[in-house]
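Next up: a single chain in structure tokens, the form predicted alone.
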């Protein structure tokens, strides 16, 4: 089979581009823009407390960063993106990572390190004032609700879609992770022995899931019940101590999650030998019915696989406090993002070999079908390994979602505590109340909105947060009289693109509302919701109106924050011109001026 008719060639090209991004462009930015210095003390050493601040090996921190940022974005984003053809999706996965994605992750990490491990809340306050900080916190809270609704909806759909075989393995991974945490921190067992025990339990749980499928019989209410079960798990993840639940579970989940990338990568590279051809068109058009224009939709549909605002929160609020030396920032921040780009790449390869995909009419579980097509010939064929591969890749879909969603839920209650710790609404700052509130609202959105409509809102908010983070980085560099164009141009592009996407997505909900109320056309209204809500027009209309309000709010807060950041950038550039030159090496221009 010819190389051009399989994913082989463009997988090889993308890997080569990523190597150039890391080895050439990455090291240039490292030297010329940030001027990293392995001898400069990092916050991990400066404030070492063994709880939040503590130095970690670059290899361990890379694994933590990757598993904390890699979720469903790079897996399901290409599923929507391929509606325009696999070629536009591929080009954005390549260009987004090369010019924007890794720069944001690495820059967010370095910005926090240079600001003594502070997160984006205090940094935004320093750069834009109290109103800017309030704007950012409000946007982040909206964003976290949307991402939670999207992931809960998809986890519930996945549990429901695979004949019940993935629920037991999911619980198995969680329980094995909790056990590993106890063995590591209480029993003080060797980490290699603990990892071996955990992985054996994961393998056993996959076998057990095939033998004992958990199937619900509530009809159209199945997904509602699955979503409630997911919310219960996430509640415990958010309120229990990190070493008890999230940290060991995410550590153990890393192994099957990354094993899936390697299997798919090998399967794609072997596709000319295994005769697995491309089955999707390279290009469909610049406007796809029911999806809209390629710009801005494609650029927010493929979230995380090219760039993601969530990554900036992880880098600045967590990883920056654990960075051992500054020269580790590139492999941790940039390396983890480019690794996630590989996940987006192999996911696109998996979708591209499945014939007849229609993101509106097909299930996102087509990723599992495509993964089976690529990998099965390497392990004896689908007849031999089909059930195991289906359960394994279905489990991988879920653990990519639920492990990161646990962090999202926990992060919401931390931001809520920071936002409402005082005043008349301080009850919302309580960790139990804020967690219950966030999961309750997210569950409601998850069981009512169609997954792809939720996804485009999530993508728009996620990519806008990335644009805002890039502008914060550019402001710091401007204050330090360092090069800013590498960040400024991507920041402007992402902010304009994502604000346009939020406008378009809000319009789709508003159009559905108007058509039903004034023209009696229930078609658009039904497409924005899902069973059982879509069967009740008044309920669907109410949910549609809520999503219009959410879209308007996201746009308004995002626009306000963007304006403040652009003003701060211009002011910082003007002030820097009259100050003594200082590289972005930790020097504080304000102190120098004093």
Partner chain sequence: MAGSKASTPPKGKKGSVKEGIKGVMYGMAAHGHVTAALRTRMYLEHLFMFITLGDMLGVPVIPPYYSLRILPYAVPNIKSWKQRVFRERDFTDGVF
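Just so it is clear, the structure is predicted and the values come from calculations on it, not from any experiment. Whichever C-alpha set is largest while still superposing within 1.5 Å between the two forms counts as the rigid core. Numbering follows the first chain given and starts at 1.
Here the subject shifts to the form predicted in complex with the partner chain, a form of this protein not shown in this document.
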Of these, 511-519, 114-122, 391-399, 300-308, which stretch puts a heavy atom within 4.5 angstroms of the partner chain in the model of the complex? 114-122
Test of understanding: in the model of the complex, would residue 51 fall inside 4.5 Å of the partner chain by heavy atoms? yes
Check whether residue 64 has any heavy atom within 4.5 Å of a heavy atom of the partner chain in the model of the complex, and answer yes or no. yes
Are any of the heavy atoms in residue 546 no more than 4.5 Å from a heavy atom of the partner chain in the model of the complex? no
Is residue 137 close enough to the partner chain in the model of the complex to count, meaning some heavy atom within 4.5 Å? yes
So which of 98, 420, 436, 254 gets a non-hydrogen atom within 4.5 Å of the partner chain in the model of the complex? 254
As a check of understanding, the residue in 486, 250, 205, 448 with any heavy atom within 4.5 Å of the partner chain in the model of the complex should be identified as 250
Quick check: do 60, 313 and 411 each get a heavy atom within 4.5 Å of the partner chain in the model of the complex? yes
Let me know which residues along 298-324 have a heavy atom within 4.5 Å of the partner chain in the model of the complex, or say none if there are none. 310, 313, 314, 317, 318, 321, 322
Threshold 2 Å Cα movement between this form and the one not shown for residue 540, core superposed: no
Residue 551: after superposing the rigid core, is there a C-alpha shift of 2 Å or more between this form and the one not shown? no
Take the rigid core as the frame of reference and indicate whether the C-alpha of residue 325 shifts by 2 Å or more between this form and the one not shown. yes
